[in-house]
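Here's a solo chain for you in structure tokens, the form predicted alone.
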Amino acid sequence: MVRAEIITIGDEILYGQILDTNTQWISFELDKLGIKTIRKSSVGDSAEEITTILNESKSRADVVFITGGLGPTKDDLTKKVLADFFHCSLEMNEDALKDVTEFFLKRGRELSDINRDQALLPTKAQFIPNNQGTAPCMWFDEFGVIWISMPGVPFEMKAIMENEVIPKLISHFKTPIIYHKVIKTIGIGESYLSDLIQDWELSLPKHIKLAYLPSLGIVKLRLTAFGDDLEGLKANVEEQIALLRPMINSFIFGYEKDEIAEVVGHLLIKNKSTIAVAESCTGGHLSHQFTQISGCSEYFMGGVISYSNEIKKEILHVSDSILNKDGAVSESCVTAMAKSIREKFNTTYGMATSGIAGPTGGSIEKPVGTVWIALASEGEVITRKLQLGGNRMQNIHMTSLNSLNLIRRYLLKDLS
């Protein structure tokens, strides 16, 4: 096993002023290579702290990734610390100087002394170009460990990793083959899902592991296979998925990078159908789920955010009797909304949402998180009552997910 450690440098990370996305991205990419990340650390702009974590890393890792602290200002200490740590000096690297000079020339700017100093590198460093910025990447082979220092700017780091570092890692390390397949489920909690598939899980071959990856409204099942034959591992995983699918088929909406809104869009296209939405409690969030998918204009015709009762009455023609008797958060109200939006937009389907997102507005009869959704077609209206009870944004998000899932299951003729 090749063990990796990731170190991010910068006071701004520790202060919470920026979100460290680098470690997650690097870990994900290393996992594809069969390199196991064993530690992640963040340190501030302190030479003493950086040196301490470097000393710790060399005793437990085979490769250490360092991001940040390579800028031209006085608080960027990484190059100086690395030079001291590897017992060498900083000298002008001609390849790095050529790159930084061309970077400024292409932009019609003069190379200042402070930017010229970007080309000062530890003498033991192997220069790796940064085509997206001025801070070079450095590769060291010291103390029996590979050290890779990269800029902290995410798009610069990613480009360097993809174009330069990953190919070098592949040639340097002999790594095992690890194959992942992610199954995405909706409409079932992690514990219920575990109960349903426990016999299947216990019978998995020893070289295939299962992980539960829950998020709001969605549980991902990740199958990971280890071995030395990629095609064989893929076949093994597909065999296990074929055994699993009949147990939870109603809850599986996709695999790998599939998103529920995209899956629903494909189903609508397949059925040559269109849809419009009438939203109250979701406030446009459901429409956003549709419109974030490229090509959605083929099936998503638009919607109305009927947040107030006046708009429900004037635009969607929800009757006073429904609003006065049952209220806006009711089965009768969302039924009327779904029918009306379908007729108004002349679509195959109309979807409606109305509920109490919170934190205020709840009552004993209708506590916060009470939501009604409805899907209208030419001949019928399908409704569902949700009791969510989360915070406001959770309730909005979960209502949108449940609405999309209702459409999905309806189009698959999988309602029960």
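Only the largest set of C-alpha atoms that superpose within 1.5 Å between the two forms is called the rigid core. Note that residue numbering begins at 1 and tracks the sequence as displayed. Quick caveat: nothing in here was measured; it's all calculated off a predicted structure.
One more form of this protein should be noted, the form predicted together with another copy of the chain, which is absent from this view; the next part is about it.
With the partner omitted from this view, the residue of Leu213, Leu196, Ile188, Leu230 that lies near another copy of the chain in the predicted bound form is Leu213 [heavy atom within 4.5 Å]. Proximity to another copy of the chain in the predicted bound form, taken as a non-hydrogen atom within 4.5 angstroms, holds for one residue of Arg222, Lys168, Lys80, Lys158, which is Arg222. Contact check for His172: every heavy atom lies farther than 4.5 Å from another copy of the chain in the predicted bound form. Another copy of the chain in the predicted bound form comes within 4.5 Å of a heavy atom belonging to Tyr307. Using a 4.5 angstroms limit between non-hydrogen atoms, Val43 touches another copy of the chain in the predicted bound form. Contact annotation for Gly358: at least one heavy atom lies within 4.5 Å of another copy of the chain in the predicted bound form. Remark: of stretches 258-266, 322-330, 286-294, 198-206, the one touching another copy of the chain in the predicted bound form is 286-294 (heavy atom within 4.5 Å).
In the predicted bound form, Phe300, Met301, Gly302, Gly303, Val304, Ile305, Ser306, Tyr307, Ser308, Ile311, Ile315 are the residues of 299-322 with at least one heavy atom within 4.5 Å of another copy of the chain, listed from first to last. Once the rigid core is used as the reference frame, the Cα position of Leu33 differs between the shown form and the other one by 2 Å or more. Annotation for Gly283: C-alpha shift under 2 angstroms between the shown form and the other one, rigid core superposed.
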